[in-house]
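Heads up, the chain shows up twice below as structure tokens, two forms, tagged structure 1 and structure 2.
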Structure 1
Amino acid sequence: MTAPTWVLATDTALLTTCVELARGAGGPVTVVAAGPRELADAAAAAGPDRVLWAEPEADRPAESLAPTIAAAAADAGVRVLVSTVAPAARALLGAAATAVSASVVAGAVALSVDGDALVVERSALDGAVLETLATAGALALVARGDEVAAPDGAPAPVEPLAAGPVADLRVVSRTPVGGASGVRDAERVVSIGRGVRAKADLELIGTLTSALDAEIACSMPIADDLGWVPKERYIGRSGQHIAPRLYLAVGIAGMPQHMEGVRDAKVVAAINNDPAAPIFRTADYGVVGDLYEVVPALVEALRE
């Protein structure tokens, strides 16, 4: 009998995409919804075979359910775990992955079975590379890709997840952060991608944002994988959607999931050393060149 596959959800972003990815393992797909009943109902409509629902206590975050979900995954013999990029979902994925001794792979876009092996394709280098990995063991995947439509048909049954141990985590306060609003409301935004080679080079980018009186933003890997820029400033389909007068992309390839976040920008300009970069197909203005040469020259011209 094929081992079960679980999708871990703490929100609805990319939920149907995760279920579709999980189908590649060839077995039954269960969504474990950690949140309110509305989340469980949305999960039931996303195409799984069933939904296990667990709601944290009012003063506890979804991550407090990690011990319960990890223990349940081990008991069920889960071989494949999938989560979205939501921070809470990834935390649950890590706990469950440890419980079933799974290898963790980020950026997963496709999954298949080859004999006894699981084969996963993942997007790397801001979408410039598609990498294939295989394992005979268990897999824990952080999904990446486009939103897909929910399938037609009756929703899956929703069952409560058996109660178990919870982590000693409590929400003591919630304070709005101004960083995201700065990006959302800005007339000019400079956004960086993997073309920026080191965190120390943010100082160079800072000279450009100062010269333009712009806010800084980034592509998903800069915030999510590297942590160089706060996640509130990530631009893309599952990040911020902005409409500045000028969006200047520095070292960003321009994959569709990123460009979705700036489709309402008045002017899109790009600096990239690859003349075939996808961003040049949609940018209003583009400079093909090394950002480490172009940015200082642009700053000098702006200051003059």
Structure 2
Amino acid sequence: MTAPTWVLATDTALLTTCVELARGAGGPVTVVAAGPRELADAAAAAGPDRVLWAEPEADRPAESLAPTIAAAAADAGVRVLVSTVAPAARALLGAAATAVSASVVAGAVALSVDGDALVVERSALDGAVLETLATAGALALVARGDEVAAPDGAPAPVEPLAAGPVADLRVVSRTPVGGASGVRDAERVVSIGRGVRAKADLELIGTLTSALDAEIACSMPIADDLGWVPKERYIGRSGQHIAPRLYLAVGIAGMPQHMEGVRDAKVVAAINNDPAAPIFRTADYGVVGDLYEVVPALVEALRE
């Protein structure tokens, strides 16, 4: 009999992708939803065979359920764990992986079974390489990929996850930071992406924000992976949704997840050295060129 496969979810981002990836293990897929009832209902529509639902107490974060989920995974003999990209889900994955002695693999895009082995393909070296790994043991995967559509059909049944040990972890305060950043209410926003080569180049970008009297924002990798700009300033599906009069994207590819955050901007302009960059499909104005040449020229023109 195939060992159970669990997808751990604390929000819905990439959940259908995770369920599809988990299907590669060949057995029934259970989503363990750690959050409010609405999360469990959304998980039920993402294509699993069933949903186990656990809700943290009001003043506790999802991570407080890590001991419960880890113990339940060990009891159930789970062999494959998959997590969504949410930080809390990844924390739960780590705890459950330890409980079932699973090898943890990040960037997983495909899973299959070869005899007794589990075979996982993962994206490595910033997407330049597809690596294949195999194990006779258990696997814990952090999924990577684009959102896939939820399958048609009846939602899976939702059952409560049996109560278990809870971590001694409480939320003692919550302070909103998004509004304080200024980027949400800004009239003009200059946003940088991975086309900017080094953190030191923020000085050059600063000349442009000053000349335009604009706030700085960025794409997700600039804040999340590189930490060059505070996280509350990244724009997109999982970041800020803003509606400035001008959004100037500098060295940003313009992936749908990013552009969702500026759907309500009045004017979107882009500087990108790749004429085929997706951003040119939605931008109102575009300059095809090297930002290291275009930005100084633009600043000079603005100053004049």
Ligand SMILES: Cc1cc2nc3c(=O)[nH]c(=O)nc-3n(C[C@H](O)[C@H](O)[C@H](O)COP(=O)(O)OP(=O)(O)OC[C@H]3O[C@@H](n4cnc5c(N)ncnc54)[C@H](O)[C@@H]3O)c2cc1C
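Because the structure is predicted, anything quoted here is derived from the model rather than measured. The term rigid core refers to the most C-alpha atoms you can superpose between the two forms while keeping them within 1.5 Å. Reference numbering: structure 1, starting with residue 1.
Identity of the form predicted alone, given as 1 or 2 = It is structure 1; that copy is the form predicted alone.
message = Superposing on the rigid core, I want to see if Lys266 changes position between structure 1 and structure 2 - specifically a Cα shift of 2 Å or more.
response = Shift of 2 Å or more: yes.
inquiry  = For a quick test of reading the superposition: does Gly107 move by 2 Å or more at the CA between structure 1 and structure 2, rigid core aligned?
reply    = Comparing the forms between structure 1 and structure 2, which are aligned on their rigid core, Gly107 does not shift its C-alpha by 2 Å or more.
request  = Kindly check if the Cα atom of Thr98 is displaced 2 angstroms or more between structure 1 and structure 2 relative to the superposed rigid core.
outcome  = It does not, since the Thr98 C-alpha is displaced less than 2 Å between structure 1 and structure 2 after the core fit.
query = Core-aligned, what's the Cα displacement of Pro244 between structure 1 and structure 2 in Å?
reply = For Pro244, the C-alpha ends up 9.2 Å from its position in the other form.
request  = Determine, in Å, the CA shift of Trp228 between structure 1 and structure 2 after the rigid core is used for superposition.
outcome  = So the C-alpha of Trp228 has moved 7.1 Å between structure 1 and structure 2.
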